[in-house]
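Presented as structure tokens, the chain that follows is alone, the form predicted alone.
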């Protein structure tokens, strides 16, 4: 059985004090969290990755960066390399988020390059794909997702399916309050898993974690996680408040223990 992953993407939120406060309070909950089948991950802003990892050391909480450069090193002002993240002992890194694609014109090829360099340094990518509202309304969802998968995984080897996490984030549902219905989300997740089965093998398809992102919150997370191909959430706004983040972890725990 695949784990459920509850990943909080903080985006450009929380300064030093807020990061410290959240992590200290999360420790109090994490010490009571013993369900290994539910994995917690948080993704603070770059300047605060070290303090977050220090405060959560020894706790069952993974720390993720929000992006990485596709370059090894050099004259790339403001960029953060995979080797730098490795020196901080980062476990995860989000790549290909729709906001990066939209505001920084990131391509599938660039996301592929980031995936490969992260894996070279032992950091697991959380690789995002998803369609816009215009593409969904035009009936292009399947074609868009397949195109993104083909670009992001072109000539990328997978041996177990544990090398990468995929996050399906319909762009029209990110930060809008709109959420894909469980049926819509499951359909997309099933398509993604089927693509891995056809392009790799059934074992990899069965092992790979596919998260849903797009206005996930305590009120709808159980319904989403009840879908057979949804393995957790990559969550924005609702993960910024400790109470709602913990509530979602607790809901996931109850759900997986009932199976």
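Numbering follows the first chain given and starts at 1. These figures come from a predicted structure and were not determined experimentally.
Although it is not shown, the form predicted together with 1,3-dihydroxyacetonephosphate (13P) is what the next lines describe.
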**Asked** With the cut-off set at 4.5 Å between non-hydrogen atoms, does residue 11 touch 1,3-dihydroxyacetonephosphate (13P) in the predicted complex?
**Response** yes
**Asked** Might residue 163 be said to contact 1,3-dihydroxyacetonephosphate (13P) in the predicted complex, defining contact as any heavy atom within 4.5 Å?
**Response** no
**Asked** Going by a heavy atom distance of 4.5 Å, is residue 215 a contact of 1,3-dihydroxyacetonephosphate (13P) in the predicted complex?
**Response** yes
**Message:** Is residue 38 part of the interface with 1,3-dihydroxyacetonephosphate (13P) in the predicted complex - any heavy atom within 4.5 Å?
**Reply:** no
**Prompt:** Out of 158, 174, 88, 149, which one falls within 4.5 Å of 1,3-dihydroxyacetonephosphate (13P) in the predicted complex, going by heavy atoms?
**Reply:** 174
**Prompt:** If we take heavy atoms and a 4.5 Å cut-off, which stretch out of 80 to 88, 133 to 141, 185 to 193, 93 to 101 is in contact with 1,3-dihydroxyacetonephosphate (13P) in the predicted complex?
**Reply:** 93 to 101
**Asked** From first to last in sequence, which residues of 215 to 252 have any non-hydrogen atom within 4.5 angstroms of 1,3-dihydroxyacetonephosphate (13P) in the predicted complex?
**Response** 215, 216, 234, 235, 236, 237
